[in-house]
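A single chain, nothing else alongside it, follows as structure tokens in the form predicted alone.
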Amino acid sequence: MNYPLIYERSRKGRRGLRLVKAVPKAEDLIPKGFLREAPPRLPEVDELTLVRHYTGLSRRQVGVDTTFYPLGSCTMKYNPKLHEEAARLFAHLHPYQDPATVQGALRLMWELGEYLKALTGMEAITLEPAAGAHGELTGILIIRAYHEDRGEGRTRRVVLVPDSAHGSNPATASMAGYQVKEVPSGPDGEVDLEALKRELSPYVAAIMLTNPNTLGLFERRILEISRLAKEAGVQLYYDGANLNAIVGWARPGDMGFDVVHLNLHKTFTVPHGGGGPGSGPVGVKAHLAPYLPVPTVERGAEGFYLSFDRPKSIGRVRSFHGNFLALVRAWAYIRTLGLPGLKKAAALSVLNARYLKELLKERGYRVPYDGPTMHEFVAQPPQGFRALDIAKGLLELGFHPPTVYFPLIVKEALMVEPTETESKETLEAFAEAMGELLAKPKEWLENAPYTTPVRRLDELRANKTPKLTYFDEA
């Protein structure tokens, strides 16, 4: 049965609320040139219909509160409900308030920035970016501003990315106006050092790396890579998507990175998925600090304040001060665990991933880059099985599937990240389900799932001809 859209439940004249006070007419508040020619076609439903619709919709969804969610490189860990209580304490604030009236919020932002700098080895930070990819763009724009300020903006027009990089890396560099060159991985799954040396030149602006990389492997030659980059005048950019594996144990700044973006919605348990809310703070070394977005939160003799005193800034990258309630949740996570707790969480993320990797290998799955993997690993089903069919079969068995077909250097890739918050019993149950799928008839796998709210979708058509509005526009 198809689930009706909220528009299909709409009936003209029905209302779910009644305004107590008279509301001024729009034309009395907004200049005519900014007004719509016709009112928006919003659904008209009563409160009970509204509540039932969205409650029913939520029960058809899969999330970390309902099932195991081993989505590789996404760190879908449990989001403690205590953090929701902390965020609720600040829900009444407004970004236009005088800074003197929100000293607690500014202090929290300043403290969070100090914690993140300490954990990453950076010397300055912005909390503005709204998500990881937004943080990437901010970081690359900072690098661009740095090279331009040094008179090298016209010559350094290339950004190097590994062939195992997240897709947002080359996309970000391209959006910032750079030419992207791919550096291959070696047989061990790490960056091919000799290939990297051949690409380094006065024309390169930055190298974008994830460490551990998307194969779950720590780049053991990172100090050599850093040395080569610095000798060539190249900035080293750290994609923080996989920081969860090393937080508290190793710092990107100590590895030689100049810029770091963090995913608070991954490493620091801010809920995410479905488009948000994310948070992608960017930390930089001192030589890049002048180019940070404004404003930054600073502490002075009379308290905390917003500073716009950064003449070389790349400007604002986000309205107001980022996704503030996401910052509150990350602050609460760090304060709850402290450094010992953060280190334990990272260690457990690695332990869980390595345990699950061995369980899947026992059941017939291959791990082509089977080095000392960290928080995630990339597996392959046996010959004759498709990753897509395994993923759809998992939905039928009650599990969210891993990331499929990424990284691109592994055929039929199943990218698995269990996170530290899952129990041994959950990992074993997932491994049993993965083994069970290999015993299913081929026809069963190719047509799964069967009992989910929707069956197998035409994903190619959905991507090529998406319908994003309910109304057919003339």
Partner chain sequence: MDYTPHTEEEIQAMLEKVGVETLEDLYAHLPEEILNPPIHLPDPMPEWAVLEELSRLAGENLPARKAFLGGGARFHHVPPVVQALGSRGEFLTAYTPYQPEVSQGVLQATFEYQTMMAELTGLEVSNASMYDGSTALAEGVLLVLRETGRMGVLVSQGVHPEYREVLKTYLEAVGASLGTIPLEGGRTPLVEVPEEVGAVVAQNPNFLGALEDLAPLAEAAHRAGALFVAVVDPLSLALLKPPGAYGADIAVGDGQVLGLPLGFGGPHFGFLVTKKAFVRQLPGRLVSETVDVEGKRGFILTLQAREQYIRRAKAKSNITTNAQLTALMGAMYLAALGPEGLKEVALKGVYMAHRLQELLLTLPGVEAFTPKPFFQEFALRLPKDPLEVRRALARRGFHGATPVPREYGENLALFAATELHEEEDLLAFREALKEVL
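So that the term is clear: the rigid core is the largest set of C-alpha atoms that superpose within 1.5 Å between two forms. Residue numbers count along the first chain shown, from 1. Remember, predicted model here, so these are calculated numbers, not experimental data.
Just so it is clear, the following notes concern the form predicted in complex with the partner chain, a form of the same protein that is not shown.
Shown alone, this chain has one stretch from 378-386, 193-201, 228-236, 337-345 that lies within 4.5 Å of the partner chain in the predicted complex by heavy atoms: 337-345. Shown alone here, Ala433 lies farther than 4.5 Å from the partner chain in the predicted complex, counting heavy atoms only. The shortest heavy atom separation between Gly186 and the partner chain in the predicted complex exceeds 4.5 Å.
Contact annotation: Thr210 falls outside 4.5 Å of the partner chain in the predicted complex, judged by heavy atom distances.
Interface membership of Gly364, defined by any non-hydrogen atom within 4.5 Å of the partner chain in the predicted complex, is ruled out. Heavy atoms closer than or equal to 4.5 Å to the partner chain in the predicted complex belong, across 355-387, to the residues Tyr355, Glu358, Leu359, Glu362, Pro372, Met374, ordered by sequence position. Superposed on the core, the two forms differ at Glu27: its CA moves 2 Å or more between the shown form and the other one.
Ala38 is among the residues whose C-alpha shifts by 2 Å or more between the shown form and the other one once the rigid core is aligned. Taking 2 Å as the criterion, Thr465 counts as shifted between the shown form and the other one: its C-alpha moves by at least this amount when the rigid core is aligned.
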